[in-house]
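Next up: a single chain in structure tokens, the form predicted on its own.
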Amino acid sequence: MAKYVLKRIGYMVIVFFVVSFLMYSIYNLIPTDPARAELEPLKMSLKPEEYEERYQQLRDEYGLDDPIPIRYARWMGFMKDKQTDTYHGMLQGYFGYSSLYKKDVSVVIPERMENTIFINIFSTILALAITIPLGIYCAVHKKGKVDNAVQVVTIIGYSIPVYIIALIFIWFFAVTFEIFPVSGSQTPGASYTGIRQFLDRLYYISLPVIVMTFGSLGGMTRYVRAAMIEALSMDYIRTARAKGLREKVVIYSHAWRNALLPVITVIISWFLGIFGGSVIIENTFGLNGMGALYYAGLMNRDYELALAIQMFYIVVSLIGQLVTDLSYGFVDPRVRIDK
């Protein structure tokens, strides 16, 4: 087990450096010039020769004329930074400087991650609490009235883009009946604390959570249903029923545990998606989360911020793959994870 985990971690490190180099190269191939962007406000106050001298000086300080592999090594922290003459990269905990927010990226991201986790954790738990029992019920009562109705609804929900769902729910819950606010994450100007602050934030994120939950019901419900139908058709289920076991024992102790093996990948990816956020939902409802931050970084050409967020997504994805593989062994002892 330990040998397998260490081996996988070694592979993860190799994949991380390969993918990070590719992403860094792609972002640096985008036609942009940080040195010129920094000097742009001073352009009118400097003489042309002074402007050019300062420009070349900044390009040298930032290492913009160096080859991409050298710039990548400096950004990652393998080489000393030209300005500070120290190792000052990602491996040392420095993720760059945000030109949009005028702060270090390591300061900007935690502020938004809290909002993203707060929003996504409720929608994830709520979606799983609905889709898993509903998928199991539809599989057990296959081709029944409830199953047919659920299949129609899930196909519709799966086919409609999430931004259309968001607009429909805004019109229905926020405009027509005025149950929830349209945007924001807390009451403007409020200084609540403790449980009052928590309830206020919960009220403001209720509509985004409903939209995110509804948008994910279709795919997950159908996935659980298909896995359960396959498990219920196996020979060991017929054997269990022939032995006289109660139907609940057959369904939840035998069928569901075996159906969980293909479903667990989706479940874990949902939980890890808590850190990623949703670009569409966060921008639609004006929520300051990771998705909206990533979008703002791209739109404002703050590529150091966008690249740092991208690296975070890569790390989360690699960890998710490892957790998924390890969880197979816990769910089904027949799966060997020590080789």
Partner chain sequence: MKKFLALLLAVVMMLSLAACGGEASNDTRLIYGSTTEVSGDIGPGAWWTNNATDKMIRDLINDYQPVVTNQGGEFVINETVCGGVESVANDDGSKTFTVKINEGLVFSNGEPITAANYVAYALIAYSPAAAEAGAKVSAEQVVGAKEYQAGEADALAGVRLVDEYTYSITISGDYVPYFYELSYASLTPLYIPMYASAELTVVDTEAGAKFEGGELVASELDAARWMYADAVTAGPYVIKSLDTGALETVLEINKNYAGNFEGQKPSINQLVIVKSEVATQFDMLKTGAIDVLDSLSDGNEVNSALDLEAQGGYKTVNFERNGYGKIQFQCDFGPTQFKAVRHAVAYLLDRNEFANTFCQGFGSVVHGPYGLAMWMTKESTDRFEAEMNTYSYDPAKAVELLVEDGWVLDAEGNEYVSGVRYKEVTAEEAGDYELNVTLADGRILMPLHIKWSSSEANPVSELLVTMLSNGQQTADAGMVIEQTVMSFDELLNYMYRDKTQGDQYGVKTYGMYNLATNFTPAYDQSYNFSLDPEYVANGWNQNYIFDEELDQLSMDMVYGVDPSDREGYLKLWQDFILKWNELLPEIPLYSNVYYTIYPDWLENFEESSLWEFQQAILYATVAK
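Because the structure is a prediction, the values reported are computed rather than measured. Residue numbers count along the first chain shown, from 1.
Same protein, other form: the form predicted together with its partner chain, not shown, and the subject of what follows.
The shortest heavy atom separation between residue 112 and its partner chain in the model of the complex is within 4.5 Å. Remark: residue 257 does not count among the residues lining its partner chain in the model of the complex, judged by a heavy atom distance of 4.5 Å or less.
For the chain shown alone, residue 313 is not a contact residue for its partner chain in the model of the complex, no non-hydrogen atom being within 4.5 angstroms. Residue 67 falls outside the set of residues with a heavy atom inside 4.5 Å of its partner chain in the model of the complex. Contact with its partner chain in the model of the complex, defined as any heavy atom within 4.5 Å, is confined among 234 to 242, 220 to 228, 103 to 111, 249 to 257 to 103 to 111. Residues 82, 268 and 329 are none of them found to lie within 4.5 Å of its partner chain in the model of the complex, as judged by heavy atom distances.
Contacts to its partner chain in the model of the complex (heavy atom within 4.5 Å) from stretch 199 to 235: 199, 200, 202, 203, 206.
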